[in-house]
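Okay, here we've got a single chain as structure tokens, the form predicted on its own, with questions on binding and movement later.
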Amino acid sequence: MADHWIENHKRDSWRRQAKASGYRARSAFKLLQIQEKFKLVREGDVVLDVGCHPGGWAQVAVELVGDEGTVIGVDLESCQPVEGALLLVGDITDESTQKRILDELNGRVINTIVSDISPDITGNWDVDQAVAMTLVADVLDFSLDLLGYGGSFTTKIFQGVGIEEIIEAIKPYFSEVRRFSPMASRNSSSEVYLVCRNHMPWKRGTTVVRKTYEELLDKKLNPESTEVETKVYSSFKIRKKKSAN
């Protein structure tokens, strides 16, 4: 089985194209195809690349922003330097890593956030899916305040439980939220990319994306716990949680 996978991997046309083009991974073509479709990155932009290892997306981002742009990448795993990009090693959800990113930005707003991040796979689909969705929410809760007006956020998500709820939690902050499957994605993969365009900072307020997502998911998974209206003997009405027996 392993030998069969290795042989198929060697025959992967996108992998061969990546090698021929000087990209470190076939995933570089995913970002190129997203860019071709949605035109997210412009020359001179500040780009945050989350989950940047092994550096393929950072390579593409550097090409797109040009000499006047800035690319900052972050990943738990270190990777070889990419000329024109600053690659940090750390956990994007950790305060010390977030401070390093803020220091490097030095007050500049981010124009584009791209995230190909994935959690460590345990093999338990339910656990892996839950971690992946909350990771997307955590990345947004940190980076959304840094994203400028009209900016974009693109992240990998996986088809399954929670996908509709994470989309619903993100929608208020962008004028357009779409799912897109690049041709470079493997046919057997459940991954899809969520492309969010035209950030509207005034919609942010104090809302926590992860909290919104978890509340929406809990409502879906626990429909027996419904909000009902209860009348009381006064001119007022109260709303409370009531669990059905």
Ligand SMILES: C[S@@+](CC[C@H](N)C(=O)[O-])C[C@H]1O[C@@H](n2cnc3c(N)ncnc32)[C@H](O)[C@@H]1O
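Residue numbers here begin at 1 and follow the sequence given. Predicted, not measured: the structure shown is a model, and the values here were computed from it.
Missing here is the form predicted together with this ligand; even so, the following discussion is about that form.
Proximity of residue 74 to this ligand in the predicted bound form, heavy atoms at 4.5 Å: Yes - in the predicted bound form, heavy atoms of residue 74 and this ligand come within 4.5 Å of each other.
Residue 51, heavy atom within 4.5 angstroms of this ligand in the predicted bound form: Yes, residue 51 lies within 4.5 Å of this ligand in the predicted bound form.
Heavy atom of residue 91 within 4.5 Å of this ligand in the predicted bound form: Yes.
4.5 Å heavy atom contact, residue 113 to this ligand in the predicted bound form: Contact check for residue 113: no, nothing within 4.5 Å of this ligand in the predicted bound form.
This ligand in the predicted bound form: contacted by all of 47, 62 and 140, heavy atom 4.5 Å: Negative, none of the three is within 4.5 Å.
Residue among 85, 117, 170, 147 with a heavy atom within 4.5 Å of this ligand in the predicted bound form: It is 117 that has a heavy atom within 4.5 Å of the partner.
Options 117-125, 147-155, 162-170, 99-107; stretch whose heavy atom lies within 4.5 Å of this ligand in the predicted bound form: Result for this chain: 117-125.
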